[in-house]
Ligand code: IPE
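The chain below stands alone, shown as structure tokens; this is the form predicted on its own.
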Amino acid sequence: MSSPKPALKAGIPCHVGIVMDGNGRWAKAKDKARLDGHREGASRARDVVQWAHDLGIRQLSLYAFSTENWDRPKLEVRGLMSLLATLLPRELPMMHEKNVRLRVLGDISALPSAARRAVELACTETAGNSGIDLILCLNYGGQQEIIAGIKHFARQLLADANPEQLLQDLSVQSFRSYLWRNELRPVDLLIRTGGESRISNFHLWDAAYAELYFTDCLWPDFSFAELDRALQDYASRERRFGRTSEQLAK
């Protein structure tokens, strides 16, 4: 789907993260199977990647499968993994056309082999693209990411010749280098669809200063107009990061 002409001209966020919520409720409302909702949701994700590219967003992260999603019914989990394995290779032509580089946030080692291979192949095939980064958050949890970062730092601390200095040098900025998101830009705008007003363990580190936007729109119904509303709302906000408006004006 091609992108409509955007109403927004300035203030585009660099990194947008989206909690794609509402696939199951969308399917239920239409008397369809939950997996049909996920299929429609995958189609909407494809549209959003193209819209984000055309708008000039540099990184788009999509919460595709959380660490908590393993607790869903086994049939639904198998269906989601099958969709990932079959649909992702089909998106490679679009990714090359839109210069999309696929990246992953999360531990994909736990994914079924077919799904894991599809993800790894797509990452390898698109590694040279530079138009927009699509970050699929798979088997991802913000709390788990921070724990992994603590373990990473602890291992370095135990191996360091001067651990006391390493501890003294630790800062918010330096600790980010131990997280899975080390090579990603900070999240500017976090969108959640589906009517829930929570972030559900998504991008906890960057949520400290990300702008939050919640919409009642179910993910399969997400449109360019809805994305544009979120971006317009983002552009209207003053991002002070602890400073005053007067300081920003200087």
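Fair warning: this is a prediction, and the values are worked out from it, not measured in the lab. Residue numbers run from 1 along the displayed sequence.
One more form of this protein, predicted in complex with this ligand, exists but is not displayed; see below.
Arg192 belongs to the set of residues with a heavy atom inside 4.5 Å of this ligand in the predicted complex. Heavy atoms of Leu80 reach within 4.5 Å of this ligand in the predicted complex, making it an interface residue. Within 4.5 Å of any heavy atom of this ligand in the predicted complex lies no heavy atom of Ala52. Contact annotation for Gly22: at least one heavy atom lies within 4.5 Å of this ligand in the predicted complex. The partner is absent here, but in the predicted complex a heavy atom of Arg34, alone among Arg181, Arg34, Arg44, Arg58, sits within 4.5 Å of this ligand.
A heavy atom within 4.5 Å of this ligand in the predicted complex is found for one listed residue only; from Asp107, Glu97, Glu120, Glu76, this is Glu76. Of the candidate stretches 181-189, 44-52, 196-204, 221-229, only 196-204 has residues whose heavy atoms lie within 4.5 Å of this ligand in the predicted complex. Along 60-86, these residues reach a heavy atom to within 4.5 Å of this ligand in the predicted complex: Tyr63, Ala64, Phe65, Ser66, Asn69, Arg72, Glu76, Leu80.
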